[in-house]
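For reference, the chain that follows is the form predicted on its own, supplied as structure tokens.
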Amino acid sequence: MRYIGEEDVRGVLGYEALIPAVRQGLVDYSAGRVQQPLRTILRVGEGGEEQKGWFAVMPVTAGGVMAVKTVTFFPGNAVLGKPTHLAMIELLDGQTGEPLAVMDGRLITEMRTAAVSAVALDVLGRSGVRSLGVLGAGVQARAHVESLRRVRPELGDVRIWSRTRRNAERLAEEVGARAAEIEEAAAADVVVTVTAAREPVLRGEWLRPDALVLAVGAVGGELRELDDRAMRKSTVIAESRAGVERESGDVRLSGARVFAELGEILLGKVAAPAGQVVFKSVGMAVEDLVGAVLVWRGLGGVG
């Protein structure tokens, strides 16, 4: 069985292949062609909230391949200069159960998360969008700017907000954007929330009536990035209805209802909604599987 490190992953995994692969994975999930239980999550760590985190196990089988990802999230790692998310993915042959590879899953998780949002923008974003507001300035903020420009290269006005202004300025300099106040970032055509907030940072009163919000951060039933107005005045689309209804505090605590899964819209079962839309993602194992398969095949694996 082969071990594949992050640098090898980086060498073969790109958004050109990952975005369409994730798109197909979302279709397969909503069509019932994926066996994927809700992930098991353990809250772990000692000390204050900044030292606590979670450990999750995510198994899946689809397309003749099986995978299981173990992933940890420790927000306190940021001050230690370590990634807040760390993961490993085991890829197995679906016919024999033979382990094919174990690979570092940090970068796959980073990129597949941004790829899901890119699919959502491609499907749900209205024509003519020009501005992108990003709330957050970490790893996912950078990945989202890159992935979203892949599907909408006309997003020339990118506004980045962070609680720490210098972080927003640094990222803006790196990706050709500008640092902005939160109200201005939230008034963009497309708004991405990729923060570690425990309480809402995005207010519905700041949003355009036709805004698309890609809500990515604050995974956990008690955590929120969006306030009640943002959630209740929007049509809520999920990558997984079951996952979001269990793991999204934005949905659970606001009383908002999930209108449809993104895969259902891709399948033509439901029409894409007009007006203000929130797409909420919490991450699914099938997204990790399709990323891992691309890496495996890119490095010469067969099957």
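Residue indices: 1-based, along the sequence shown. Predicted model only: the values in this text are computed from it and were never measured.
As for the form predicted in complex with a small molecule, it is not shown, yet the points below apply to it.
- Here the chain stands by itself, but in the predicted complex one stretch of 146-154, 105-113, 228-236, 90-98, 105-113, has heavy atoms within 4.5 Å of the small molecule.
- Three-residue candidate spot T84, A197 and S281; every residue lies within 4.5 angstroms of the small molecule in the predicted complex by at least one non-hydrogen atom.
- Among L124, V219, A180, V158, the residue placing a heavy atom within 4.5 Å of the small molecule in the predicted complex is V219.
- A172 falls outside the set of residues with a heavy atom inside 4.5 Å of the small molecule in the predicted complex.
- In the predicted complex, no heavy atom of G133 sits within 4.5 Å of the small molecule.
- Remark: R163 counts among the residues lining the small molecule in the predicted complex, judged by a heavy atom distance of 4.5 Å or less.
- Remark: V139 counts among the residues lining the small molecule in the predicted complex, judged by a heavy atom distance of 4.5 Å or less.
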